[in-house]
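Okay, so here's just one chain, in structure tokens, the form predicted on its own.
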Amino acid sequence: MAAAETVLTQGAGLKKPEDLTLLREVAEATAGVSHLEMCIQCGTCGGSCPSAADMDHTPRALFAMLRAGMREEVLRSNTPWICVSCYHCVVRCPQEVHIADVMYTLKSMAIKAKKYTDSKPPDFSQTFVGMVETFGRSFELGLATRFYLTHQPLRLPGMAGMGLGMLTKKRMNLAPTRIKNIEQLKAILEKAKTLELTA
């Protein structure tokens, strides 16, 4: 490790030697230019986040952990799964770090490594992506039904009234519908997967 990289990461109470290998891996896997290495640990992201209270680590703390090479702790964190992609943090970040995009990368890495502690968010995410790949859009009834049957079946009867109301007001469909030109979307997604594998 270069001497310049052997500094202490003290954000979020961490006192471990800095190892930028994990940080670079995440930055390179993030779509576009993440600016992740530009984080100055100011805490604006966590202060702007409407979901921060439910996160085990604020984004600032998570980025300090990335700098410390704490792969296991980062991939087991609930922070990426709690992120609602509102982009408040991105808009307010003085360094223009693409925080929400980094959270998507961390979710993907956690799924691949099977490091998540709660299977509900990854299952929901993979079901949603599967529906978009198949139909070009989400199918809410199928998504909710599959999620609750798998993870919380006893809650389904209590949700019947809300579901019926959404159906009668035409806010939800009984059957999925495909978008026009689904083959074009599938070609784009296949190309994206190919580019991801060669990156």
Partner chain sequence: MNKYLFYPGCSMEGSARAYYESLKAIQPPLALELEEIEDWNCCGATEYLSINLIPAYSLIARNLALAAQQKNGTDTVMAPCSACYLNLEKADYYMAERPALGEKVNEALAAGGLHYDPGTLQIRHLVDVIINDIGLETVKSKVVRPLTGLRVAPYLGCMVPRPDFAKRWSDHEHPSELDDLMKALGAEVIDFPMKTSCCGGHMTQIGPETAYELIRRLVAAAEEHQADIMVTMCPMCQMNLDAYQGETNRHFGTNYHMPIVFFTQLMAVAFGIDPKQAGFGLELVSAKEALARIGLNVPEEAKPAAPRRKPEGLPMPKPLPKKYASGQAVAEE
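So that the term is clear: the rigid core is the largest set of C-alpha atoms that superpose within 1.5 Å between two forms. Residue numbers count along the first chain shown, from 1. What you see is a predicted model; the values in this text were computed from it and never measured.
The protein also exists as the form predicted together with its partner chain; that form is not presented, and the subsequent description refers to it.
**Q** Quick one: does residue 71 come within 4.5 Å of its partner chain in the predicted bound form, counting heavy atoms only?
**A** It does not: once its partner chain is placed as it appears in the predicted bound form, residue 71 has no heavy atom within 4.5 Å of it.
**Q** Please check if residue 113 has a heavy atom lying within 4.5 Å of any heavy atom of its partner chain in the predicted bound form.
**A** No.
**Q** Answer yes if any heavy atom of residue 85 is within 4.5 Å of a heavy atom of its partner chain in the predicted bound form; otherwise answer no.
**A** Residue 85 belongs to the contact set for its partner chain.
**Q** Is there a heavy atom of residue 51 lying 4.5 Å or less from a heavy atom of its partner chain in the predicted bound form?
**A** Contact check for residue 51: yes, within 4.5 Å of its partner chain in the predicted bound form.
**Q** Residue by residue through 146-169, which ones have a non-hydrogen atom no more than 4.5 angstroms from its partner chain in the predicted bound form?
**A** Result: 147, 148, 152, 154, 155, 157, 158, 159, 162, 164, 165, 166, 168, 169.
**Q** Rigid core fitted, then: does residue 136 show a CA shift of 2 angstroms or greater between the shown form and the other one?
**A** Shift at residue 136: 2 Å or more after core fit.
**Q** Taking the rigid core as the reference frame, is the Cα of residue 178 displaced by 2 Å or more between the shown form and the other one?
**A** Comparing the forms between the shown form and the other one, which are aligned on their rigid core, residue 178 does shift its C-alpha by 2 Å or more.
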